[in-house]
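Below you will find one chain, with nothing else, as structure tokens; this is the form predicted alone, and questions on how it binds or moves follow later.
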């Protein structure tokens, strides 16, 4: 037989075995990773609200929006708050800046937190705990950027802008669950 053919078959077999092994590992670890990510998000939600005081549901967003958490007054259909998972491109090409932004029914911002990013340590990564001076979601005129980390600041402002554009409609009855 041809040595090239034998070598090709060995490589093909090794590739298939490695692919199957990676699939099996992913099958077992993907749910665990998702569960851990959800724990982090729910812990962050609990920083904004006492979750036991609300009926909590989730709506899957589209585009830059991930899960939208809907907090309703217990036993009613009155939306008290929405917590948006939203992402925008920062400095890092490998991961978007992902935030949770909590908006009350009166459009006041209850809080916000960056839950995922891979911004540069010493630069963009250091501003994630900053106060960006956003208190009402439909008024971003006082947004505070941070000098020297323009791309990360712009990503955070983009997250607020996206939520600002959507929240008024969602809280006005436009959110479909």
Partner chain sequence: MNKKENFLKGFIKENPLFVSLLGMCPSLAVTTSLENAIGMTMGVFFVLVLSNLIISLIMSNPKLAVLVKPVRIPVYIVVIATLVTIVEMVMHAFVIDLYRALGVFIPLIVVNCIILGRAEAFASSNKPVDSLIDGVGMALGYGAAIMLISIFREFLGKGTLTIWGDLQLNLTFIFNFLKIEPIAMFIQPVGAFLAFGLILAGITAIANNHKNKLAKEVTNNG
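Rigid core: the largest C-alpha set superposing within 1.5 Å between the two forms. Because the structure is predicted, anything quoted here is derived from the model rather than measured. Positions refer to the first chain, counted from 1.
Missing here is the form predicted in complex with the partner chain; even so, the following discussion is about that form.
- Of the stretches 47 to 55, 61 to 69, 106 to 114, 34 to 42, only 34 to 42 has residues with a heavy atom within 4.5 Å of the partner chain in the predicted complex.
- In the predicted complex, the residues of 14 to 50 lying within 4.5 Å of the partner chain by at least one heavy atom are, in order, 14, 18, 21, 22, 25, 26, 29, 32, 33, 36, 37, 40.
- With a cut-off of 2 Å and the rigid core superposed, residue 23 has a Cα displacement that reaches or exceeds the cut-off between this form and the one not shown.
- With the core held fixed, the Cα of residue 36 is displaced between this form and the one not shown by 2 Å or more.
- A movement of the C-alpha atom of residue 165 falling short of 2 angstroms is seen between this form and the one not shown when the two forms are aligned on their rigid core.
- Closer approach of the C-alpha atoms of residue 31 and residue 56, by 3 angstroms or more, is seen in the predicted complex than in the present form.
- In comparison with the shown form, the Cα-Cα distance of residue 26 and residue 100 increases by at least 3 angstroms in the predicted complex.
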